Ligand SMILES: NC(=O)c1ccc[n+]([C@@H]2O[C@H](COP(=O)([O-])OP(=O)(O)OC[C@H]3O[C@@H](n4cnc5c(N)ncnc54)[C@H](OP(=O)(O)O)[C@@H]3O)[C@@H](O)[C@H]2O)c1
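Just the one chain here, laid out as structure tokens, in the form predicted on its own.
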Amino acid sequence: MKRLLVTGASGFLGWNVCEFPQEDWEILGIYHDHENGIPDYIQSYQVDLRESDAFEQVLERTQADAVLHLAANSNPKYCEDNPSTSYSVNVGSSRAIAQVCKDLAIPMVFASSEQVYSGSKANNSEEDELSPINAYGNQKMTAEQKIMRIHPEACIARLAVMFGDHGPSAKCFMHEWLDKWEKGEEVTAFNDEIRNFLSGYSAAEGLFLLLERQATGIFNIGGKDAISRFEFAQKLAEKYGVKDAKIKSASQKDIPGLAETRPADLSMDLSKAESLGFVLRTVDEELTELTNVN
């Protein structure tokens, strides 16, 4: 069985990758702070990816056949407030990992983000010129550029905003909304932020597909529906049977300064991933599956 070294294994996406039902890979997880976020049956290693040679030492120790680089400071506000610290993780570590994978001729898949797009138009494609409007998007764009320059055979997955189940050390807006409704609180959801909402399960499925097909280059990965956060909130309440869910429809423009750092329309052209075999699922389908599991 092939060995897959996963950075950020204790995060939302990392946990979903570890839990994904597949038989081709033995998963080896790297974490920084939250060992409890990785399932007990996964061999894990504590690594500070900012430390020189730390990743290479673990890679050589594990003799992994491929690398799935998911680790990131992914909170846009944190990246705005802490540009130097977040850059060292989102860009510096990514560049270093790409160099090691290139030197050792090891396949690498990098989890990027829809935030690399400006949000000024619909149906963003992999060939579009990038113009991110926040620090996180800029860092992901820069990481992509450095990775492809160093390791042209690498693969980059631009992932849509994700939802679904997660481990004990990760968070998801979906469950935060459900918790608020359970307490009788109101959820504010933007009616002018359009996203191809993607479950953690489908995101993991897409990443394993890229590994299986030995894909190179850039792929948008998202769900079938391009809908607003407000529409998602309505579907979530309906599927989870939340009675009298308090949902406030809002616009980015209602909050001064927000539209300058939160892209409006990050809907994506998903035809490239679909042609590779990626299955596009609607939000209703994804939520139905989640409620059946839970």
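Residue indices: 1-based, along the sequence shown. Quick caveat: nothing in here was measured; it's all calculated off a predicted structure.
One more form of this protein should be noted, the form predicted in complex with this ligand, which is absent from this view; the next part is about it.
A.B. asks: With a cut-off of 4.5 Å between heavy atoms, is V17 one of the residues that contacts this ligand in the model of the complex?
C.D. replies: V17: no, not in contact with this ligand in the model of the complex.
A.B. asks: Though only this chain appears here, would V109 touch this ligand in the model of the complex if you measure heavy atom gaps against 4.5 Å?
C.D. replies: Taking the distances in the model of the complex, the answer for V109 is no, it never comes within 4.5 Å of this ligand.
A.B. asks: How about L70: is it within 4.5 Å of this ligand in the model of the complex, going by heavy atoms?
C.D. replies: Answer yes; at least one heavy atom of L70 falls within 4.5 Å of this ligand in the model of the complex.
A.B. asks: My question is simply whether F12 lines the interface with this ligand in the model of the complex - judged by any non-hydrogen atom within 4.5 Å.
C.D. replies: It does: once this ligand is placed as it appears in the model of the complex, F12 has a heavy atom within 4.5 Å of it.
A.B. asks: Find the only residue in I42, V47, L59, A237 having a heavy atom within 4.5 Å of this ligand in the model of the complex.
C.D. replies: So the residue touching this ligand in the model of the complex, by this definition, is V47.
A.B. asks: This ligand isn't shown here, but in the model of the complex which of F190, W177, Y136, Y117 has a heavy atom within 4.5 Å of it?
C.D. replies: Looking at the other structure, the residue within range turns out to be Y136.
A.B. asks: Tell me which of 211 to 219, 155 to 163, 118 to 126, 100 to 108 has residues with heavy atoms within 4.5 angstroms of this ligand in the model of the complex?
C.D. replies: Selected range: 155 to 163.
A.B. asks: Taking Y31, S74 and V89 as a possible spot, do all three reach this ligand in the model of the complex with a heavy atom inside 4.5 Å?
C.D. replies: Judged in the model of the complex, Y31, S74 and V89 all sit within 4.5 Å of this ligand.
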